[in-house]
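Here you get one chain, nothing else, as structure tokens; it is the form predicted on its own.
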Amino acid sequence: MTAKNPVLTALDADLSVRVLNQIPTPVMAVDKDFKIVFMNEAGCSLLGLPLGEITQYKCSELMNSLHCGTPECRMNQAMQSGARATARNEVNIDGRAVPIEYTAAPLKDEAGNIIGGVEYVIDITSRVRDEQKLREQSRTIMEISTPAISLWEGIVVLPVVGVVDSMRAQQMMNTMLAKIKETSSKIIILDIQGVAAVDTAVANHLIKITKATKLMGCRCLISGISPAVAETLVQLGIDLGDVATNATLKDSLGDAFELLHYEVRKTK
């Protein structure tokens, strides 16, 4: 008589199987050689195969996931460590890539010996799609909130409104450098009149931005320095170095004209 697989013994209670088949997401059990010994009805439906055929394969042969056969395989990690492991992954079903989140746990016999592993899978296609939309919306909002405007030939202005954090500062720098390359501008005016508060972190971001533009052969002027901002910078002991600053955009534009040797005249 052929000895019964210990993994099947651990799962062959009718109630347990009925419960697993009610779960609307794939649940799979494998032995220590990764051969599938159980798949609930949701898993069989996903693979489009009956359980009797599924149990002839190793899990990697049917799932074709990015983690299969690699150290990232959470099923292998669970059986090796004896602890649960969760990760995002992507399986390939009939040529269709499906993003998933899966959790693997060691399967033990009555004596506590690890005899295989159990895994359940959640299809996160909708979640991934929503996350992608949020990223695109966030990027669009960031681009809208940080527009680089060609104000004059050779002069670009970047009005900044709101909070300047590390991510925003990086976006500002990318926008400015791209605009400098596109327009071959020699002067860029960073107008911070709409920035509610300036602290050490914001000042450091501004200094980094001015240094980056200088490497592109462009002079950066900062306008919109209000009395409150000026007082804060002095109290914090922040030195903006040789960065030219002005209270208004008009004053910075006047400085830009002088630096570029432009002359504005009234017509009759």
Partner chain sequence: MTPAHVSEEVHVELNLSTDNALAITSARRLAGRAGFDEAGQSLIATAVSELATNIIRYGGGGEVVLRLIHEQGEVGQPGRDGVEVVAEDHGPGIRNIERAMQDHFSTGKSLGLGLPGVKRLMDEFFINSKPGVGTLCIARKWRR
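Numbering follows the first chain given and starts at 1. Just so you know, these numbers come straight off a predicted model, no measurement behind them.
Absent from the display: the form predicted together with its partner chain. The rest refers to it.
Participant: Heavy atoms within 4.5 Å of its partner chain in the predicted complex: does I238 have any?
Facilitator: I238: contacts its partner chain in the predicted complex.
Participant: Consider S60 of the chain shown here, and say whether it contacts its partner chain in the predicted complex, taking contact as heavy atoms within 4.5 Å.
Facilitator: Contact with its partner chain, no.
Participant: Do N204 and its partner chain come within 4.5 Å of each other in the predicted complex, heavy atoms counted?
Facilitator: Result yes; N204 sits at the interface with its partner chain in the predicted complex.
Participant: With a 4.5 Å heavy atom cut-off, would you call E231 a contact of its partner chain in the predicted complex?
Facilitator: Because a heavy atom of E231 falls inside 4.5 Å of its partner chain in the predicted complex, the answer is yes.
Participant: Under a 4.5 angstroms heavy atom criterion, identify the one residue in R135, R84, K181, R129 near its partner chain in the predicted complex.
Facilitator: When its partner chain is considered in the predicted complex, the option within 4.5 Å is R135.
Participant: Looking at A97, V161, A197, I149 here, can you tell me which has any non-hydrogen atom within 4.5 angstroms of its partner chain in the predicted complex?
Facilitator: It is A197.
Participant: Counting any heavy atom within 4.5 Å as contact, can you tell me which stretch out of 223 to 231, 63 to 71, 24 to 32, 42 to 50 lines its partner chain in the predicted complex?
Facilitator: Result of the contact check: 223 to 231.
Participant: Can you tell me which bits of 106 to 129 touch its partner chain in the predicted complex, meaning any heavy atom within 4.5 Å?
Facilitator: Residues within 4.5 Å: none in this stretch.
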